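The chain below stands alone, shown as C-alpha cells; this is the form predicted alone.
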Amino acid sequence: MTKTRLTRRALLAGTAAAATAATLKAPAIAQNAPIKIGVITDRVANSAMWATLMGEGVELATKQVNDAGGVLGRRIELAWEDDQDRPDVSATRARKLIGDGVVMILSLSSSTAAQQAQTATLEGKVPHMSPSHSADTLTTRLNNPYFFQMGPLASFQIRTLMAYAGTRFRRVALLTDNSALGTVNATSFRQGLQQGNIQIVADETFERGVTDVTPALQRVRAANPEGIFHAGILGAEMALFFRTYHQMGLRQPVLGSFNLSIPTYLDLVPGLLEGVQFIDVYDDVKPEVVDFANRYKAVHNKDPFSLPAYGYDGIMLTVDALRRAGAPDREKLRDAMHATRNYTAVIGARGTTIGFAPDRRIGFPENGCVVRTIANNKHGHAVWRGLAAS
C-alpha cells in the first residue's frame, strides 16, 4: 500500500511540475506567436471580380510588413475565409475567425455581406474593417463600435460627379441593378441628384440575370436625358448595358460609380467604354500611389489600380493601429483604430487623409474621390480631384 501511495504522490508531483513548467512557458509561446488577421473574401460569386484583386493588396502589404520584421516583434498571419458573397455565410465565417483568435477581420466581398458579418463582430467584440465598401448605411444600420469603413460613400461619389459635371446636366437618366448594393447606391445617387435640383427623367433598374435591356434603354432614349448616371454593380448586367448602349447609337455621356474602376470591364466589353467617366480613389500622381505601384509591379509585373490598393491600406492601417495600441489586444486595437487621424493612405485624392472622427467610423474623406476617363481601353489620369477642380 505504501508503495502505491508513493507512486501516486510521485505521479501527482510530476503532473504538477509539468503543469507549472507548461504555465511558465505559455506566455513566451504566446508572445512570439503570429498576430492573426482574418480576411473574408469571395472567390466564386459576383464580388469575386473585385475581392480577389483586393486580396493581392492584402498579401503584398502583409509580406512587406513581415519582411521588415513584423509588428510588435511578431509576424502577421492571414486567416482566409470565403463567404461566396452570401450575407448569412459571411456571419458564419466571421464567427469562425473570431474563434480562431484573430485580432481584426477585413471584409472584401460585398457591402451586404459585411453588414451581416457585423452581427458576429459586434457579438464577439472584434475589430472589423471594410477597406472598400461604399454603402452609406454600413455604420448606421447596426451601431457596431468595432466596425470601421474605409471606402468612399456613395453619397460622396455622386457629389463628386455632380461637382465635376457642373451645370452641364439638368436632365439625366439614373440606371442601376436590383442587387442589394446597387439599390443602396442608387438611393444615394437619387437623393444627391434631387438635392442638386437635377431632374431624373428616366429611372431604370436592371434585374439580375437579365438578357435584354433594350426596353429600358428605349425609355431612356425617349426621355432624351443630357447624361446617364450609372450606380449598378453587377458585372454581366453592366457589360450588357454598354453593348446595348452602343447598338442603339446612344450618345449621352455616361458617368459611373467607383464600380467602373474595376478593370475587368475593360476585358468584358473592350473598346465600348471609351469616354466613360467614373469615380475612383486612385490618384496616380500621389507619392504614396507611385510607391505602391512600384511595389506591386515588382511582384505582379503589371500596373496596379485601386482594388489592390484598398486591400494594401486595410493591412497597413491595421498595422499602424497595432503599433499605437502596443499589443495585439482587441479592445486596445479598437480604441487605436478609432483614434486614427490624418493617416496618409494609398487611396484618396492627393492631399487628403484617412481619419475617424470621435462620433464617426467612416474614414474616407468626403473630398477624397477623383474622376477618371477611360481612353484607349485604359483608365486615364485623374481629371478632377475631390469637390474642386484639379
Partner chain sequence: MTDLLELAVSILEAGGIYALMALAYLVVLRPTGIINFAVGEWATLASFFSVATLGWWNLPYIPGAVLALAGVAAIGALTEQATVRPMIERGAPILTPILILLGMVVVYREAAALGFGTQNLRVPPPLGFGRIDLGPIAIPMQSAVVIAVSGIMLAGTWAFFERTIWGKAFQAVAIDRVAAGLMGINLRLVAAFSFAGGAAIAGTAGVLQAPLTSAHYLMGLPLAIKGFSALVIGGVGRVEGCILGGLVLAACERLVMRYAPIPSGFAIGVPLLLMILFLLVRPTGLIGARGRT
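Positions refer to the first chain, counted from 1. Predicted model, so just to flag it, every value in this text is computed and none were measured.
Although it is not shown, the form predicted together with its partner chain is what the next lines describe.
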Site check E77, D280 and K286: each within 4.5 Å of its partner chain in the predicted complex by heavy atom | no
Since exactly one of G275, G73, G166, P270 fits, which has a heavy atom within 4.5 Å of its partner chain in the predicted complex?
-> P270
Answer option from R221, K297, R171, K125, heavy atom within 4.5 Å of its partner chain in the predicted complex = R221
Might T205 be said to contact its partner chain in the predicted complex, defining contact as any heavy atom within 4.5 Å?
-> yes
Does at least one non-hydrogen atom of R360 fall within 4.5 angstroms of its partner chain in the predicted complex?
-> no
Should T211 be counted as a contact of its partner chain in the predicted complex, where contact means heavy atoms within 4.5 Å?
-> yes
In the predicted complex, V44 touching its partner chain (heavy atom, 4.5 Å) | yes
Tell me which of 361 to 369, 333 to 341, 348 to 356, 45 to 53 has residues with heavy atoms within 4.5 angstroms of its partner chain in the predicted complex?
-> 45 to 53
